[in-house]
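Quick setup: one chain, the form predicted alone, written in structure tokens, and binding and motion questions come after.
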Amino acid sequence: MAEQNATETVVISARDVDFFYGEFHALKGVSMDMLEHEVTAMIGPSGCGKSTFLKLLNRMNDFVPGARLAGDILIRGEPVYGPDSDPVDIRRKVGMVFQRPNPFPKSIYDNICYGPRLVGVRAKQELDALVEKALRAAALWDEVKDLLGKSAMDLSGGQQQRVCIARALALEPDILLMDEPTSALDPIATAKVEEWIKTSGLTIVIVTHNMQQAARISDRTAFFYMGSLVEFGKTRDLFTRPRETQTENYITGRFG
């Protein structure tokens, strides 16, 4: 567990989380706290459990047949998997941006409005304000403000991914999950998304295969291997003074 001081607020807390896909033990006793306004990166080789853990935070694995969870995941002290938990409400508070840009085949404007309309926002003035706020937050407003009626599918890959970020932000989530959000982007688009992540002020949890990216953008980093959380701490410490030999071997390229 990473150290924290009394002024830091724990937003996400995992305690002894085990997760199974049928008989496969995908996560083994994972415990960690993620703090408000911080970027937490999760690194590790393919198949190590980091994306599985990410999806548990907003119940995306609910749709997987045979999936089974043991342990506790809390968001601001409330159980994500409690008997009274509403998965729809949780996903509204915990937004998600996926590996590949997945804009809807609609206009830029309608992409951003999709979520707010689902929860009952109808007034055009309110929707206009939400669209501008979300696109500004995703560092895209200046590029598309005169193209809001244009299909989001006609944008570049980097712009499409920022539309997806804006679409998630339009619901004003408490937390944003990002699963390899720049892996399909060119270096310029990647730099813009990274700059947004660093300056957004949101509580963000990001899965990345790119260790340099984790070092650039995150406050804390978790290293997963074969379903276990090997090490979790401040990013600078984990990359310069790892406590575990396994972590050191991974970040120095000895395996992975």
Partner chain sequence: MLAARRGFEPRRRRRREFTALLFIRLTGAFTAGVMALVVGFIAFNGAGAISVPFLTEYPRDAMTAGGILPAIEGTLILALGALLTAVPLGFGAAVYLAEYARPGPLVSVIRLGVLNLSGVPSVVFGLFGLALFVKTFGFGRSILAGSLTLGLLILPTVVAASEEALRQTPQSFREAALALGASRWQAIRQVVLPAALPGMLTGAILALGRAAGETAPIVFTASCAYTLASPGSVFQEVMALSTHILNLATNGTRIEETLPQQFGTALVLLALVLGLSLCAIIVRAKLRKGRRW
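Residue numbers count along the first chain shown, from 1. Everything numeric here is computed off the predicted structure, so don't read it as measured data.
Just so you know, the form predicted together with the partner chain exists too; it's not on screen, but the next bit is about it.
> Which one, 151-159, 76-84, 123-131, 181-189, holds residues whose non-hydrogen atoms are within 4.5 Å of the partner chain in the predicted bound form?
In short, 151-159.
> Check for me: heavy atom within 4.5 Å of the partner chain in the predicted bound form, for each of 88, 92 and 105, yes or no.
Checked in the predicted bound form: all three residues contact the partner chain.
> Against the partner chain in the predicted bound form, would residue 34 count as a contact residue? Criterion: heavy atoms within 4.5 Å.
No, no contact at 4.5 Å.
> Given that the partner chain is not shown alongside this chain, does residue 65 nevertheless sit within 4.5 Å of it in the predicted bound form, heavy atom to heavy atom?
Yes, residue 65 is a contact residue.
> Quick one: is residue 57 in contact with the partner chain in the predicted bound form, heavy atoms, 4.5 Å cut-off?
Because no heavy atom of residue 57 falls inside 4.5 Å of the partner chain in the predicted bound form, the answer is no.
> So, residue 141 and the partner chain: in the predicted bound form, are they within 4.5 Å at any heavy atom pair?
Residue 141: no, not in contact with the partner chain in the predicted bound form.
> Determine the residues of 151-175 with a heavy atom within 4.5 Å of the partner chain in the predicted bound form and present them in sequence order; the list may be empty.
Read in sequence order, the residues that approach the partner chain (within 4.5 Å, in the predicted bound form) are 153, 154, 167, 168, 171.
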